[in-house]
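Starting off, we have a lone chain in the form predicted alone, written out as structure tokens.
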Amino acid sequence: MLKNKNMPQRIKPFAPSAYQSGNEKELLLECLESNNWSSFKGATEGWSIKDVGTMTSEEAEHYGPLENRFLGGKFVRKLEGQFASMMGVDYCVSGNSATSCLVMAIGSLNLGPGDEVLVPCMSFNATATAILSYNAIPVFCEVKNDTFCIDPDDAIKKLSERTKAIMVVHLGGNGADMEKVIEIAERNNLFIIEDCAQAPGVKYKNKLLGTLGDVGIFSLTETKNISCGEGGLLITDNKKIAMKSRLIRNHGEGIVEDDWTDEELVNIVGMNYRMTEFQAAVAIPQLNDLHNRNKKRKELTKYLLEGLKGFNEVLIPPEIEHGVDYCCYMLKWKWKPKKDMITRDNLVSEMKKEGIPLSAGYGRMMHENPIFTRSLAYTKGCPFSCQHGKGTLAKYGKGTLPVSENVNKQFIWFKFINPPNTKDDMDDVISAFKKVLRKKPVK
């Protein structure tokens, strides 16, 4: 049936990214009836903490439900073992969120007051606030104008004698230029943290993102490629990082040995970042479906971009970093209108009227947040102007990252690139763009 031209292009909501892939109900019921809903215990019950803490995730997976409880229950250890195997690493440490896993990563690298971490200014706030958790200092870098991931050339300019790590964000399912990042890190003796919240299963030059640095972080929150509502995963091949992450996750201060060195003990402050068995039970079938989910995302992205290629001069899709097997998490265009064309904000508004929920970039990027611009993360000026941070050259606020700020003013985002949405749903997006862009301009 032909649509009335005055009707919106679409009334039906798009499908969210959280949906069942297999036997989630079966595993949830098994977990419920077992009465083992967490199974974590803040003790090793006779086991050597160093043996438990450095056990590979594959080894830990094969103990019984109520064995080895410092590392969690049956489903938590199964999820960790399967993800470690999928990623080709020795260790996976789950958490109750990717934010918690980022905090664990900062702590496990023994970063602390006054240490600087290079980080792109475009990401969810947790990328930067995790750095603050140990009173280290985020030093924000520009993103590349076309890929929207960290610009290695700007990162070089932000290096100082305080710089201890570089955190990359593989934004929107794209990948950072890891070859240059690794070169910078090796030349300056820096740790590399990969925030892969939006890029699970994506490869860079045939290597999985998250495995190229010292530690990789993934998100399982409701909007991500795989989800259990809330949750996160940390991966590494470094047993010291794995052990300290496990200790930070589960009140490790209570089971450390008296003869540990200061380096072994530092940053192990009582926290509870544990994932429940319920969360892990939901995540396992979705993890097993990740390849299929990513394949469908790629198909829908290709179809949508192909349908809109006639607008590529003004509606500019992201450039894909060389060597990246792009899997779109959220499609981020730049809107660069010609003279007398509709403005970015009016385009977003008109598309919403057509039933297409676009958004207009970040309301405020991380370097513009008051905790940075006013140096008020903690009392007494920490970490910016207290004893260890005083004298940092980190700069915050509007105008300090002009390239990224200009990109943000052009952003148009569409997030429903996920299955179970179909090409028919993408047709509505294509038709709505054509309908709006062929109207008389709204200035």
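Position 1 is the first residue in the sequence shown; the rest follow in order. As the structure is a computational prediction, the values presented were derived from the model and not from experiment.
Another form, the form predicted together with a small molecule, is not on view; read the next lines as being about it.
Stretch-level contact check against the small molecule in the predicted complex with heavy atoms at 4.5 Å: of 224 to 232, 240 to 248, 353 to 361, 285 to 293, the positive one is 224 to 232. Here is the short version: of V103, L118, I193, A197, the single residue with a heavy atom within 4.5 Å of the small molecule in the predicted complex is A197. A single residue from the set A98, C149, A155, A280 has any heavy atom within 4.5 angstroms of the small molecule in the predicted complex; that residue is A98. The small molecule is not drawn, but in the predicted complex it has a heavy atom within 4.5 Å of F124.
Though the partner is left out of this view, S219 does reach within 4.5 Å of the small molecule in the predicted complex, counting heavy atoms only.
Contact annotation for V169: at least one heavy atom lies within 4.5 Å of the small molecule in the predicted complex.
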